[in-house]
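To begin, one chain is listed below as structure tokens, in the form predicted alone.
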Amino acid sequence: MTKRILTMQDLSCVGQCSLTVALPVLSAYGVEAAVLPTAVLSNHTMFKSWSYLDLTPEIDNIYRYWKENGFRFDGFLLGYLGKKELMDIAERGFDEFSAEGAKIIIDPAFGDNGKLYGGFDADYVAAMRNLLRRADVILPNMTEVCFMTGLDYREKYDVDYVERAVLEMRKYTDATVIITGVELNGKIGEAINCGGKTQYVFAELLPARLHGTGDIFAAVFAAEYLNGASLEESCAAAGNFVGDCIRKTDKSHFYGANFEEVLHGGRS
């Protein structure tokens, strides 16, 4: 049977990120994608200006009718939430709408390159760290691991540093920890730890850094994983897909990655 996943994040009307990415990618991979938009933005925040409509007040009504209609989800994919109040709302969703064996996948999505995204603070980080206790799989990058654990952020590091980051993160959650964007020996990939030995999946390190690639990775990973692929297979598929998107993106295209052409079958 087709898996149904609920993805909870914002919707940017223009810009290749968040729900604009998650919905088409999940659907193309054969997963029924349900959405819980937390906010509507005119465009994402890499542009010089934007509007923002908070949809949090409507979620009670959405939950009410989901409950009346008996909806259940085989998985949850959480991305950019934007404010800590939504974490309690997310937990309520887990409690009320999980099918048996539902998988909870959380991408913390609050920072990169050693810095928090605009509008986030230590209270948000602490709330996200608390939410991760509910997850089955988490997808933080190294910046997010460092903010949640207190580990000193480094731009350059070795495998011992990655292993320490994994162990520090495991103090706060029993979830499978997948640190994304790990750069070692001229390659980029993921460090995967389920409680034992850390496994690594690597791909070619490309020079471009594009907005929304983390959202693309998370969507492909979630679809592959819900469809029965292993953690390693899911990471490899997601990493290769992101690489293909970067290769298909014109250098002048600053605000996202060309995932549409890759979904259409134009892989390198």
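Please read these numbers as outputs of a predicted model, since none were measured by experiment. Residues carry their position along the shown sequence, with the first being 1.
The next section is about a form of this same protein that is not shown, the form predicted together with a small molecule.
In the model of the complex, at least one heavy atom of C17 sits within 4.5 Å of a heavy atom of the small molecule. Residue contact check for Y172: none of its heavy atoms lie within 4.5 Å of the small molecule in the model of the complex. By the criterion of a heavy atom within 4.5 Å, F76 is excluded from the residues contacting the small molecule in the model of the complex. Heavy atoms of Y80 reach within 4.5 Å of the small molecule in the model of the complex, making it an interface residue.
Between 219 to 227, 58 to 66, 199 to 207, 37 to 45, the stretch whose residues reach within 4.5 angstroms of the small molecule in the model of the complex through a non-hydrogen atom is 37 to 45. Put simply, of Y153, F71, Y117, Y161 only one has a heavy atom within 4.5 Å of the small molecule in the model of the complex, and it is Y117.
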